[in-house]
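What follows is a single chain, given as structure tokens, in the form predicted on its own.
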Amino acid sequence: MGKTSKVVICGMKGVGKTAILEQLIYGNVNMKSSFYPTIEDIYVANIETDRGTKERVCFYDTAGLEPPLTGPPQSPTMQLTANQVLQRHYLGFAEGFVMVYDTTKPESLDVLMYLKKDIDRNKDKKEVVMLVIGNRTGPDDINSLENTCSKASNWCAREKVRHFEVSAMDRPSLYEPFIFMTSKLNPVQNKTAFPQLSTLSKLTQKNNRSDAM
């Protein structure tokens, strides 16, 4: 474990962002659990990758955003209020964004559509890892649930962002998205990343053989 990756958890208020982190890291969330609205909390955990290694991740649990009044964004230059956008300082250091919506609240998906456009415009052209999590917070009309999840899947496919459906009450359902995120943030190092050292090593070996003759 070398570096510590910085990941921002964001989305509409009340979609279960804190519950997801508490369940993932501590496994202490149940139907009786209650959480106060988050201003900002920081969690640090060692998360497994798809290679079986563990990497250190710092999660920034952010204040929930207000839903838009006009539905999904229609214009790339739409104006958002201060409580509808992520605070600017997160965009400066975040390496990854986990965007959470509630599968029982279609407006929470609209928030992510605004949110992603805002991140894309303000992340200073740096590469970041993004994923979308649909959190099932409770029972809902099955048609509404399927429509929201289908809409989310189609939007994520267009945006080329991985989409996962989870339940904060079911800890194992949280493993796959966070293993995916951690693996993307910590790719396998290319063995040819230091060609000068490789060339120098071969040259040294050749000189040693020459001296021995």
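Bear in mind the structure is a predicted one, so any value in this text is a computation, not a measurement. The numbering used is simple: start at 1 and walk along the sequence shown.
Keep in mind that the form predicted together with a small molecule is missing from the display, and what follows is about it.
Does the small molecule get within 4.5 angstroms of any non-hydrogen atom of L24 in the predicted bound form? Heavy-atom contact with the small molecule at 4.5 Å: absent for L24.
Is S183 one of the residues lying within 4.5 Å of the small molecule in the predicted bound form, judged by heavy atom distances? Contact with the small molecule, no.
Would P177 count as touching the small molecule in the predicted bound form under a 4.5 Å heavy atom rule? Looking in the predicted bound form, residue contacts with the small molecule do not include P177, since no heavy atom lies within 4.5 Å.
Under a 4.5 Å heavy atom criterion, is A168 part of the interface with the small molecule in the predicted bound form? Heavy-atom contact with the small molecule at 4.5 Å: present for A168.
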